[in-house]
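First, one chain by itself: the form predicted alone, in C-alpha cells.
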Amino acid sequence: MYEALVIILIYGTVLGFTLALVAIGLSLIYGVARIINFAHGAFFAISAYSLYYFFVSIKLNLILSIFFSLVITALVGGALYRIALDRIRGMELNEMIVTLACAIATIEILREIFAPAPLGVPTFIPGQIYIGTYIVEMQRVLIVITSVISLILLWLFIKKTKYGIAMRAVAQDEDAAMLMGINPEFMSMLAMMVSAILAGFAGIIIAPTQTVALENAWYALLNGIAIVILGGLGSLWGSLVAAFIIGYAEVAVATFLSSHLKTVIALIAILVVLVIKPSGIFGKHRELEERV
C-alpha cells in the first residue's frame, strides 16, 4: 500500500503539472474571450507532431525544435481566432461547432501527414534519480521543473506586462477596456495564442514519456474540459488545483484498477460537478435569476 501511494504521489504530480498547462490555457481563453475552445486538444497534438518532425525526422536541435513547434502552434491558434472565431464570437453554440470541426480537421490532416501509428520521441534528458528507493526518470523531473517555470512566467505575463494587464481588463469588463483604448479583439486573439502555446508545451514535454498519437488530442481536450469545470470556468487557480485532483485520481485508478479506466475519471468529474456544484470549486455561483 505504501509503495502504491508513493507511485501515485510521484506520477500524479507529473501528470498534474502537465494537465495544469492544458487546462489553464483552456481557462484563459474562456476567461478573456468567453470562448469554449474544442480545438484545444488539437494544439496539444500539433506541437507534439511538430516536435517529432523537427527533432526526430530532420534532427534539428532540441531547443530550436521546441521553439518552431510552439511558433507553429501559436500561429494556428491565432489563425483560428482571426479567420473563424472573430466572426462568431459570442455565439456559443457556433463557437463549439466551429472549434470541434477544426479539431477534427486538424487531426485528420495530421493523420495524412504522419503515419497513423504512434510515434516515439527520445527523452530530452537521459538518466534517472532516486526518491527513496524509487527510480524516477529525469524526463519526468524535467516536466515538473519546466511546468513550474511556465506557470510562473504566465503569472508574470498576466500580472506584470502591459498585454497581460490588458487581457485582464478585457476579461473583467470589455466595454470599459474599450473606453481605455484596449482592442478586445486583439487581446482575445493574443489570449488564444498564449492558450495554444500552453497546450502545445504540455504536448511537447510529455511526448518522450509516451507515444505521440492522435488520440492524445482527445485525451487532452477531455481532461482540460473536466478540469476547468471542476475548478470553475475562467478560474486559473481553480484549474491548477483541479489539475492535480484529476492527475492523482487518474494515477490511483490506473494503479489500483486498470489504466483503461483512467479516462473515466474526467467524465465522472464532469457529471458530479455539474450536478452538485455547476460553478466549480472556485467558480462564482450565479444568481438564480441569471440561470433561468
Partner chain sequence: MAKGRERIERLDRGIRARTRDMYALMSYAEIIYLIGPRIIPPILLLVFPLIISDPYWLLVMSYAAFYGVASISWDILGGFTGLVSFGHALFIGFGGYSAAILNAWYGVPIYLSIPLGALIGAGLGTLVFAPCLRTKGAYFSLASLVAPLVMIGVIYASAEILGGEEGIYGMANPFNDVQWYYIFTITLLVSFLVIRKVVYGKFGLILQAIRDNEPAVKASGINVVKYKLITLFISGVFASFVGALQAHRLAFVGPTFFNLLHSVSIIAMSTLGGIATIVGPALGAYILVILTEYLRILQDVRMLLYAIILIILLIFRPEGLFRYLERIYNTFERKVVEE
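Values in this document were obtained by computation on a predicted structure and should not be read as measured data. Numbering follows the first chain given and starts at 1.
Keep in mind that the form predicted together with the partner chain is not shown, yet the notes after this line are about it.
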property	result
The partner chain in the predicted complex reached by all of Ile36, Leu222 and Leu233, non-hydrogen atom within 4.5 Å	yes
Option from 52 to 60, 236 to 244, 253 to 261, 65 to 73 whose residues, in the predicted complex, bring a heavy atom within 4.5 Å of the partner chain	253 to 261
Residue (of Ile131, Leu156, Ala105, Ala79) lying close to the partner chain in the predicted complex, criterion heavy atoms within 4.5 Å	Ala105
In the predicted complex, the one of Val98, Met189, Ala213, Val136 near the partner chain [non-hydrogen atom within 4.5 angstroms]	Val98
Close approach of Leu28 to the partner chain in the predicted complex, 4.5 Å, heavy atom	no
Trp218 within 4.5 Å of the partner chain in the predicted complex, heavy atoms	yes
Distance check, Ala84 to the partner chain in the predicted complex, heavy atom within 4.5 Å	yes
4.5 angstroms heavy atom contact with the partner chain in the predicted complex for Glu92	yes
